[in-house]
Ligand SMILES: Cc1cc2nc3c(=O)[nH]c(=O)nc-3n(C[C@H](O)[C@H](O)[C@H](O)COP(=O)(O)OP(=O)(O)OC[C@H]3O[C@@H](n4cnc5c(N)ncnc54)[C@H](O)[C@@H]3O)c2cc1C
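Next up is one chain by itself, shown in structure tokens, the form predicted on its own.
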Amino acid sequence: MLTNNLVESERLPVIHDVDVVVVGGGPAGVGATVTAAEMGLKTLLIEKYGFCGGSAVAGMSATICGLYLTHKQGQPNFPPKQIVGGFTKRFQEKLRENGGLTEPQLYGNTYLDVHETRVWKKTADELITQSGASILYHSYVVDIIKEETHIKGIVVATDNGMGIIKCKNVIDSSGNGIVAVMAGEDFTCGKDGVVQNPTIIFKLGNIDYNKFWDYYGKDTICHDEFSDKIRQAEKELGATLPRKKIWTFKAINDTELIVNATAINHDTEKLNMIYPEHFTYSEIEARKQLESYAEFFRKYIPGCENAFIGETSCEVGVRQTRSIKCKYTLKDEDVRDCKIFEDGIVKSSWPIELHRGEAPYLYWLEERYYEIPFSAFQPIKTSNLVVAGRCLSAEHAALASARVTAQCFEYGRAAAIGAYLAQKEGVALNEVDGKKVKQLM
């Protein structure tokens, strides 16, 4: 990784001078960018792809998880009860207006919404440009300019060369906490270095809709008979089908399925997508697995006899890499005990959902929710930086609940409110009173 090099950086041209620079255009980054711009801050978003969405789009998770209250096990016909509003609800409603969102789909003891990734991109573009913020697509953060505890600028690389973005405050919504790490912040990775496995998600086309869903049922989590068929296929086909409990979602187009089935692991390495060698291995292995799962659907599952692989995610979906150490670390017991915080910025009833092995572990909160505090986004060493998104400070199991899309939108919104308060009150961003952020949420 590149380190600070102020002498070299000062030779580069200044290409932007802004109040807030947001690094990474996933749900947290979009929420941060729109909110900051609408609060009157000159805002620039830096995104490495040519579109926004992060793992929701590039990883094609295609779901907005975390919107709804979780109900008790075995409770029949419970309706979806939304508990997250704010920017999340605004984006949700805009997606629906643009024709890119399904009705809520049953997921175990709760619900989720499924989106069309193309429409997600369009919706993000519309909201950001209408807010007055600027975007730099196809741009990579390669360094920072830091003096003592303060980031003075971000160094970006593009196909046109490198340049400096001067800024008053930085929101690191990169997912991997890249700015925070460049600034010298400490971090952890999972539990003893073991993080949740990545997944490549894909669409199956040419589905007999009624035949498939009559067999599969209403729950997007597959039933036990389906899992038994995976085990049968693994033996009979000699295929690599490591995950036996999979998720299948209804797409906007009713002849398509969105399949979340693959599980990328390694016999000897603790895979972590911050390492390019691990990322490369995972991409290659994932493409092999999706072919095997598609064959399984065609040969064993009613309604999929003539199915073909349609769209696939442009990269494996990454659930976990770094957690940046902040003033407060969300603890596993905070989630299980449904803790409420004075500076809690958003509710979550999403289960602890740990993806390792052949069946993800699910711990349901059942008609309860917890809050995520703003102090879990305030790094310790850097005065004008906050993180937003899945790189928040959280223990392993806590992150497995707190990392999902609905909450990430609100993390970004809170980060932007923090930047607004920092500039308005003349205080350091990492010293902003989270209770004031909560009041403005």
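The structure displayed is predicted, hence computed values, not measured ones. Residue numbers here begin at 1 and follow the sequence given.
Omitted here: the form predicted in complex with this ligand. The next part is about that form.
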Task: Interface stretch in the predicted bound form with this ligand - options 281-289, 215-223, 187-195, 138-146, non-hydrogen atom within 4.5 Å - done: 138-146
Task: Of 37, 64, 394, 69, the one that lies within 4.5 Å of this ligand in the predicted bound form (heavy atoms) - done: 64
Open item on the list: Can you work out which of 416, 388, 376, 385 has a heavy atom no more than 4.5 Å from this ligand in the predicted bound form?
Closed with: 388
Open item on the list: Can you tell me whether residue 319 touches this ligand? I mean in the predicted bound form, with a 4.5 angstroms heavy atom cut-off.
Closed with: yes
Open item on the list: So, residue 43 and this ligand: in the predicted bound form, are they within 4.5 Å at any heavy atom pair?
Closed with: no
- [ ] Look up in the predicted bound form whether residue 47 has a non-hydrogen atom within 4.5 angstroms of this ligand, and give yes or no.
- [x] yes
Open item on the list: Considering non-hydrogen atoms and a 4.5 Å limit, does this ligand approach residue 178 in the predicted bound form?
Closed with: yes
Open item on the list: Do any residues of 180-209 have a non-hydrogen atom within 4.5 angstroms of this ligand in the predicted bound form? If so, which ones, in sequence order?
Closed with: 199, 201
